[in-house]
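Only one chain is included here, represented as structure tokens and corresponding to the form predicted on its own.
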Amino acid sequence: MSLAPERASRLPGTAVPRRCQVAKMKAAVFAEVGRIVLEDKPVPDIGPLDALIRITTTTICGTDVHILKGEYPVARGLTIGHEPVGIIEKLGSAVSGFREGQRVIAGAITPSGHSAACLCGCSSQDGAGTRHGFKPMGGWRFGNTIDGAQAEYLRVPDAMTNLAPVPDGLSDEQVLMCPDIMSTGFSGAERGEVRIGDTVAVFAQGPIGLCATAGAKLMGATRIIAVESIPARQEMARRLGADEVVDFTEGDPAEQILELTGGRGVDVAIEALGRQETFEGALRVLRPGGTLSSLGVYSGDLRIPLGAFAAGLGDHKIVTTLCPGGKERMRRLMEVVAAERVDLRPLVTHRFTLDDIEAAYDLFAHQRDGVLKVAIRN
């Protein structure tokens, strides 16, 4: 796609009009519940603090499937996607410290850096508090409140806060997980305050849970118990740091984990699926004073069972996490990749071009062919 303007044709004997047509790009947009389609849209304009990046690789997230199914509402016509890897095409007039042609990523969460939430140290919730009440996930803008990354071009707001240069020698697929699932999964271990010598249970080994397993290993957990029934995901969990795998189809996973730990329970349980049964199971396996770190996106009300919660007297801690964003977070994650402390490339099981993104959604949404993550390339 070219950004060059096109000249209008002229009739004989008339002056040549200098009217420029708006440059177009391909983008995956939310059309209606059950339909995300590829359409032509105008290339985004940018303001002084923004950057325009040309997307080279992106991916589809489970949250995008929630949008597809109508479980998370967004505006019709919105470009979906929040995991961009690309090249700076144009910089806003007030942006410094970057150059056009530079390879960059931006986090799924794009904080401004100066909101009340940012200044309180919780940049993921940037924009969440308003005079009309609390709106969670205020820092998640791509594919939520502004056009997202499943397109040829993307406007990155507050570019100096959110763009992170990709180190030389790292491929797109090596850093593709940094904007969301790596940041989210690692934060499950971080918010759970995993310590050296801890026993950790991770409920569900989808992409987020697998990254939580890897994060717990990096933070010093010496026994990681993964809950998963799909053999390929069980094997991937072991590759990323799980010491034991509990198959929930073979019995109550909480009972299996308590048996494995001799009744002690785990120091930290990470819930990475977003269902009542996994949340409750994670609560049931905690030792006294243990921490439940919740990463799941829940589509209904949760119930906290009296016994598992020890009637509120068990000194338990329940913490929730939204993917940390911003350029410093992205820099740190890419340093982990560059240092070869973790390799998440095997999570990319399928590859599509942007032209075939509707087929990619069909595969990913129906979880066919052992899919974990798909790479969408321009």
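Just count from 1 along the sequence shown to find any residue number. All figures in this text were calculated on a predicted structure; none of them were measured in a lab.
This next part talks about the form predicted together with another copy of the chain, which is not shown.
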- Should Glu39 be counted as a contact of another copy of the chain in the predicted bound form, where contact means heavy atoms within 4.5 Å? no
- Just to confirm, Thr249 within 4.5 Å of another copy of the chain in the predicted bound form by heavy atoms? no
- another copy of the chain contact at Ile87 in the predicted bound form, heavy atom, 4.5 Å: no
- Message: Taking any heavy atom pair closer than or equal to 4.5 Å as contact, tell me whether Ile224 reaches another copy of the chain in the predicted bound form.
- Response: yes
- Item | Among 73-81, 196-204, 172-180, 148-156, the region lying within 4.5 Å of another copy of the chain in the predicted bound form by heavy atom distance | 196-204
- Message: another copy of the chain is absent from this chain, but in the predicted bound form, do Gly113, Thr321 and Ala339 each have a non-hydrogen atom within 4.5 Å of it?
- Response: yes
- Query: in the predicted bound form, which residues of 298-318 put a heavy atom within 4.5 Å of another copy of the chain?
  - Reply: Tyr298, Ser299, Gly300, Asp301, Leu302, Arg303, Ile304, Pro305, Leu306, Phe309, Ala310, Ala311, Gly312, Leu313, Gly314, Asp315, His316, Lys317, Ile318
